[in-house]
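Next up is one chain by itself, shown in structure tokens, the form predicted on its own.
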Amino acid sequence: MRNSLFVLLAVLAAAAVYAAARIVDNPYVFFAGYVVLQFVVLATAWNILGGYCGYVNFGSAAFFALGAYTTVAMVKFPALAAKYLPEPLIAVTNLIFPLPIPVLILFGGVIAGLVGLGTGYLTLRLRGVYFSIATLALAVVLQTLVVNWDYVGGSRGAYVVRPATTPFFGIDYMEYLFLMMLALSVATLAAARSIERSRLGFGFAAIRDDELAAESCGVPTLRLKLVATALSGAFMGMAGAPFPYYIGFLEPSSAFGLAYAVNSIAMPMIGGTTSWIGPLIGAVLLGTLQQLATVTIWSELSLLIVGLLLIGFVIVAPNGIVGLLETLLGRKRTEPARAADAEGKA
């Protein structure tokens, strides 16, 4: 399937999802749906580095928080400008700010992508568990910096007031955020699928299968890994950019939450890491189960569900749902051929 056709089908599917949410006519659908779509973006972004290249990243929460705190910094900028800038520049600032959500998403992606590029340059010469530990250390360092940075609220946190109006007449702001995250999900999935089927994706697969052999064959492994870390970090930052408007009050413990690090790894692992559709399946499955558990049973049950499902899939289907389906379909295809060979021999 051509990429343009895939984008068209993805847009139509997104339109159907939005229409179904409107038909339900329950505000909580948009509230919970935003979280599920947020995890679709995070899982797909993690899979660009962790699934395609085989480099496990434990710092997902750090890139997510970078996007969120970029938005906080932009929201607080007019107050800072009013304090230090001359009157003409203050007037210009008031015309530009507050920035719309799509621009904030772009800013969050650029900042997180640059940090991902820098992190990759410093750590991608490490391999295996050493790289994973380095990404975990990145999350700790960034959280420490944010806790001690008063401009974005520090350890006290920061309130982010949602605008009174939205660009679309008559739409609630939560519904608007849902639409933005739905559009970002389509863009992220389209990018992941395009990467998977390109020369870039083949290079990533060569690194995942045998990095030393890929280097000996002339594959520019370091350059490709830098591209992967930058893209992965950028999409994670984009997922975090609208979060302050969603939650209303951002503090380090919520932005650097364990759920983001765990879910961004578990969802691709459960869905399947070798294809763009694996993270989508895992995110929709786990995200929906977590939201149902939060409403019906207990909010803290969500990580327990993730842990139990991850253990179960590691034992039963180590290649995820996509790998399990491919195995079952492969067996069904080979069984008639084997039966025909047996009849021919008889």
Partner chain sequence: MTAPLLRVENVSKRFGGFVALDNIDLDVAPGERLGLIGPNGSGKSTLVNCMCGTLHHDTGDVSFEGRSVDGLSAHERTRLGMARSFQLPRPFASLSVADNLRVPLLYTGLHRSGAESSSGELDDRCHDLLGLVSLSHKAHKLPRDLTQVEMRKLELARAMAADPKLLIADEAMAGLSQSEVKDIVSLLIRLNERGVTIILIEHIMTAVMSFSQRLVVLVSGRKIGDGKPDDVIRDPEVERAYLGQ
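Since we're looking at a predicted model, the values are computed, not measured. Residue numbers count along the first chain shown, from 1.
Keep in mind the form predicted together with the partner chain is missing from the figure; the text below concerns it.
Between 209 to 217, 256 to 264, 132 to 140, 155 to 163, the stretch whose residues reach within 4.5 angstroms of the partner chain in the model of the complex through a non-hydrogen atom is 209 to 217. For the candidate set Leu189, Ile105, Leu224, Leu231, a heavy atom within 4.5 Å of the partner chain in the model of the complex is found for exactly one residue, namely Leu224. Proximity to the partner chain in the model of the complex, defined as a heavy atom within 4.5 Å, holds among Ala205, Val75, Ala81, Val115 only for Ala205. In the model of the complex, the partner chain sits within 4.5 Å of a heavy atom of Arg197.
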